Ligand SMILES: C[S@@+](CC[C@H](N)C(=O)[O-])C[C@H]1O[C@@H](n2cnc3c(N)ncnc32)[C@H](O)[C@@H]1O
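Next up: just one chain, as structure tokens, the form predicted on its own.
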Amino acid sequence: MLHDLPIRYINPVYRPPSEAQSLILPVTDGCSWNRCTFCEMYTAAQKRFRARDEAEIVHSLQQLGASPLRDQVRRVFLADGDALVLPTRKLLVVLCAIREHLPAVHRVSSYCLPRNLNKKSVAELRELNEAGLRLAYVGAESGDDTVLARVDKGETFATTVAALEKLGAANISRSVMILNGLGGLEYSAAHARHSAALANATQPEYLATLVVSFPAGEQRFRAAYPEWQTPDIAALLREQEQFIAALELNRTVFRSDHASNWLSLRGNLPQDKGRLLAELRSAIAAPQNAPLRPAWARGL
């Protein structure tokens, strides 16, 4: 449990679903951008952005290294929202401390905002990779510039591609997330088409889709995007079909099994593309017979 670890946590604490068994190590608090209108993870009322003190992080790792957990920790996730905003020098200190005090760790990962990499060279990212950073989760959300502007993402198709290409050149695996439904009904087709183009241009090792949702309400989102029309299940499935149909990937693990998704999909692309499309088309044609997730199970 988090409260049993020699690490200072500030709630809420988030991590990707695939990091369920990882040690969550905060190196920052909150998100340095924190303006995306669809995101409820780090609001100003919950957690203000700040970089953690280097000495505090290293001390926590030293304590873990002297505990029975030393040889049990296999993976580490650097929290919070965008650890790669930190200077390369500081990240190297943290990664080296992980290697020294938790020698069983074989993978370190982090969320990454594309803008975090503007001032980092491929050579710097290679240093981070060699020190243990193996995977970066990039919330691209959409490949459509209009949708990105409407939700105040602060990124474009071009800036996201540039960041993903840098990570790939440094041999850091990329896990790209797209938000199904983010463009509402008006921009659904463009959102699907341009998001697929983003994936095709960068060939990420992992690709996931989540469904945009608002557990705390839509007020903040609609204040900046009042004309957004809520897509129903059928519209979300059609958009997902358009997205997958347009994908031209060489070797990517695809997941659409997050709790927000109505229809759980898993496969490897390109070999499972036909099956995934068949499952979607079957659900669109006969939703009453499809294995859709019940609304109560989508609690986030």
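Nothing here was measured: the structure is a model prediction, and the numbers come from that model. Residue numbers run from 1 along the displayed sequence.
Not pictured, yet referred to below: the form predicted together with this ligand.
* **Heavy atom within 4.5 Å of this ligand in the predicted bound form - residue from Leu167, Ala199, Leu113, Ile98** => Residue within 4.5 Å of the partner: Leu113.
* Contact assignment for this ligand in the predicted bound form, among Ala79, Leu117, Val138, Leu207, heavy atom within 4.5 Å -> Only one option qualifies, and that one is Val138.
* Partner-proximal stretch of 46-54, 32-40, 236-244, 267-275 relative to this ligand in the predicted bound form, 4.5 angstroms, heavy atom -> It is 32-40 that comes within 4.5 Å of the partner.
* Asked: So in the predicted bound form, does Lys153 come within 4.5 Å of this ligand, heavy atom to heavy atom?
  -> Residue-level check for Lys153: yes, a contact with this ligand.
* **in the predicted bound form, Ser188 touching this ligand (heavy atom, 4.5 Å)** => Ser188: no contact with this ligand in the predicted bound form.
* Leu179 within 4.5 Å of this ligand in the predicted bound form, heavy atoms -> Yes, contact at 4.5 Å.
* With heavy atoms only and a cut-off of 4.5 Å, decide whether Ile172 touches this ligand in the predicted bound form. => Ile172 lies outside the contact set for this ligand.
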